[in-house]
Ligand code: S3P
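A single chain, nothing else alongside it, follows as structure tokens in the form predicted on its own.
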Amino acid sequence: MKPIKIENKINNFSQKINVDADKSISIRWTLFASQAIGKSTAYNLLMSEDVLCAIKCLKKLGIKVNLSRNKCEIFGNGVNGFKYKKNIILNAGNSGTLGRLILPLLIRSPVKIKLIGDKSLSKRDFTRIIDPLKKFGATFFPKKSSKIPIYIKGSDFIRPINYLENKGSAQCKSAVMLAALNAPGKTTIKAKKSRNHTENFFENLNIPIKIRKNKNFDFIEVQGQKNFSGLNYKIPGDISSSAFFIVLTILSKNSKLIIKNININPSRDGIIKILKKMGAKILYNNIKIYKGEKIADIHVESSKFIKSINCPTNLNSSAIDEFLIIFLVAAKANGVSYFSNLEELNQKESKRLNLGSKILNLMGIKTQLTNNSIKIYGKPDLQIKKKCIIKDYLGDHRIMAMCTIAALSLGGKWEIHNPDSINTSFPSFFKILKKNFGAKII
């Protein structure tokens, strides 16, 4: 797809919108549905490339899927109910969540299965998943590989493990929990705080799980080899997708926005807590609990004054996918903002910490960067008047969307390459910008 060009800021607005469905829940629902007995139905499933890759992988593993415009039906065959054939190749595309969470479901495969992905995913570390799955009894080829493409072969002699997850990675924790479904006996996990969607699925599906918490860690016990019935799910909107429009509103003058029916799970809404500390006007209305997830309408208003922040590190895991757009707010803050313990950002689709700093510099914002922290010297009167060309960023959808919001709220003449990267997570992004906000995107 050719680059997009943006040369005009948007005008003030007062809008009410819906955004695409939650990607984390959409992918997890497909995987759990594949392990359930019988039919599971999802309404409002995210129809992004990442989720469609998950469905294609499940079909290759013998799972029946009916997909229509407004719902998806998956017919599971129970735990370890995949049909294994020789020479299966599973393509996770750009999705780290899919790549890392489908592997644990394969630890009893009697044949080698190859996992591949796109250029970006092929650069990401899979050691964090490979190592615990080896302890369960799976084998990987090549033996010393830390990246995909990689082969996994399961075993008939799977055993439960004790696991320490100290990175604050929900993917690592979830991978061990999913592998534990195939292990006899009790698997125990001590996990640094991270998003808890997988735990919510376990509880809603009545899979035997015990969770104990303290200030820094969750202690999880999973009893394996227990079948469960299907789960119907109406999937809420994604807070990560909402974040771009929240920041667009904050940085625009005399504007208001309501985003309907968004998942504000406390392990995911770090961006809201951080932006409110910076002076943003954000409220939740119509709060409800649905299948363990907290859902609400988000109300946002423009911010005339943005405060700098020394960001509490205990909010990192609940905002890890939104820091790029938070950095954009810090660029307009009064004073120096500091974000630390963010080495995990460079383990995402691209080296987001490094690229985020580089893009801020291009915009005229001074930064100080280390391998795990960034200082951002805000300019409350920031207005971009030069040309900004964004390319060579591995097609990271969040980099692309961050730059789009910068162009529409701060000005300048922008040329942004790989705009189709947004289709991995948020296919209606440009449609909403044009229809609801009058964005002029060429």
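Computed from a predicted structure; not experimentally measured. Residue positions are given as counts along the sequence shown, with the first one as 1.
Keep in mind that the form predicted in complex with this ligand is not shown, yet the notes after this line are about it.
- Proximity to this ligand in the predicted complex, taken as heavy atoms within 4.5 Å, picks out 342-350 from the listed stretches 367-375, 306-314, 290-298, 342-350.
- Out of the listed residues Ser357, Asn200, Thr97, Ser267, Thr97 is the one that sits within 4.5 Å of this ligand in the predicted complex by at least one heavy atom.
- When this ligand is considered in the predicted complex, only one residue from Ile130, Leu121, Ala333, Ile320 comes within 4.5 Å through any heavy atom, namely Ile320.
- Contact with this ligand in the predicted complex holds for all three of Ser24, Gly168 and Gln171, each having a heavy atom within 4.5 Å.
- Residue contact check for Arg195: one or more of its heavy atoms lie within 4.5 Å of this ligand in the predicted complex.
- When this ligand is considered in the predicted complex, His417 lies well away from it, no heavy atom lying within 4.5 Å.
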